[in-house]
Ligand code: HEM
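A lone chain, given as structure tokens: the form predicted on its own.
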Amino acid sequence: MPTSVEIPSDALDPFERFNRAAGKGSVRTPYPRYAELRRKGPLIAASEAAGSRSMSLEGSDTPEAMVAVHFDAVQQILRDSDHFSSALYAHSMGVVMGPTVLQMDPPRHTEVRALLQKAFSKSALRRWEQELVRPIVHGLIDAFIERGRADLVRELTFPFPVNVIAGMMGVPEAHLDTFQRVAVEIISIAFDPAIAMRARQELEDLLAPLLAERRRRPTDDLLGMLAHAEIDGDRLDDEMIYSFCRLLAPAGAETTYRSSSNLIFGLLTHTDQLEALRADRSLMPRAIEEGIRWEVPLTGIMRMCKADTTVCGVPVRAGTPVMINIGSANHDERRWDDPEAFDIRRPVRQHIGFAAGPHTCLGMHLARMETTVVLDAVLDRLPGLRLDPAATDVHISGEMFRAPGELPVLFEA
């Protein structure tokens, strides 16, 4: 099991490259623009969303891409696998990750997901919490607690989730730096395909001897479970296992890093709510859901319309690519009062932060557990926690992927 180590600043370089490509610094908040889009309708043409001319091919019968911006439209599309497919990811993320549940539709998706879900059962999560999450989180805090100051992104929220995923897979401590780097680089396919493909191979090279050993000798970690899992009596082949690990490494680490950072930022900038949560931990589930609703780590995903249909009264033709704007859906004023506000006491209503329907996030319960552990540790061990007043303009930014670049804090050592 990996032990908790302080992550050197240069380990953030892959994240910095990725964040800059994803709009860090250039997009402080997209939500006013999303509100303008919602006023145009539940589902609008991509050209209208972008303020440009039609984005379909001139003289072709290819339907123009559309953007779903209302909560009801987003929810309908995500739940309707008969009309909307995620198979288009085979031509983007699938190029680097291989065949994953991300690009599968039912019934194949249902079969594979049921198998993978075993790794996130209640009993498995209890074990991961005790054996991995708590020791890693507290070990990272141990490294800075005596200073009375820290950057919670660099020293806590960035390293802890990727260390957890590495531990779940049984990655030895000696390979943690490599694992952390490739977990970020593998999702760089959109702006640096060469780096992404190199990361794909590096992850496979790292996992291959571990998987071979588990084929010979079963273990109770994630790789051990996958090595002996079966679908319809057939064991998963190595490529299917590598593909799932290529998906889980960035998905499990990247989104949790962002969601936990966003929530802590929300609390640090709403100190009354920070103190309310410190005094009453029964607010924790609501705080976690509100953090994800308020600042979702990933603002959009894609689907392809398979057959002519209607979404919230808007016709959608077969072959239409649909951008699902999760960030807009989670700020829909038709569903939430004052949606731009961060409020952990807000009445609970389902958000779309973990998607919906067949592709609801496989690791959402893991993410909730990890966030609970890290917040409890921060509240219990860092009295007087506050943003460093010497820091200037700490904020969340990004277009597609959102998080604060830093969280400089002071506390009583």
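Throughout, we count residues from 1 along the sequence that is shown. Owing to the predicted nature of the structure, the values given are computational and were not obtained by experimental measurement.
This next part talks about the form predicted in complex with protoporphyrin IX containing FE, which is not shown.
Exercise. Are all three of Gly252, Pro297 and Leu362 close to protoporphyrin IX containing FE in the predicted complex, meaning a heavy atom of each within 4.5 Å?
Worked result: Yes.
Exercise. Among 231-239, 312-320, 135-143, 252-260, which stretch has residues whose heavy atoms lie within 4.5 Å of protoporphyrin IX containing FE in the predicted complex?
Worked result: Of the options, only 252-260 has residues within 4.5 Å of the partner.
Exercise. Which one of Arg214, His109, Arg154, Arg200 is close to protoporphyrin IX containing FE in the predicted complex, taking close to mean a heavy atom within 4.5 Å?
Worked result: Contact check passes for His109.
Problem set entry | Among the candidates Leu268, Leu247, Leu277, Leu176, the residue which, in the predicted complex, approaches protoporphyrin IX containing FE to within 4.5 Å (heavy atoms) | Exactly one residue meets the criterion: Leu247.
Exercise. Can any non-hydrogen atom of Val171 be found within 4.5 angstroms of protoporphyrin IX containing FE in the predicted complex?
Worked result: No, Val171 sits far enough from protoporphyrin IX containing FE in the predicted complex that none of its heavy atoms falls within 4.5 Å.
For this session: Give a yes or no for Gly41: in the predicted complex, does one of its heavy atoms lie within 4.5 Å of a heavy atom belonging to protoporphyrin IX containing FE?
Result: Outside the cut-off, so no.
Exercise. With the cut-off set at 4.5 Å between non-hydrogen atoms, does Trp128 touch protoporphyrin IX containing FE in the predicted complex?
Worked result: Judged by the heavy-atom cut-off of 4.5 Å, Trp128 is well away from protoporphyrin IX containing FE in the predicted complex.
Exercise. Do Ile301 and protoporphyrin IX containing FE come within 4.5 Å of each other in the predicted complex, heavy atoms counted?
Worked result: Within the cut-off, so yes.
Problem set entry | in the predicted complex: members of 322-337 within 4.5 Å of protoporphyrin IX containing FE, any heavy atom | Contacts from 322-337: just Ile326.
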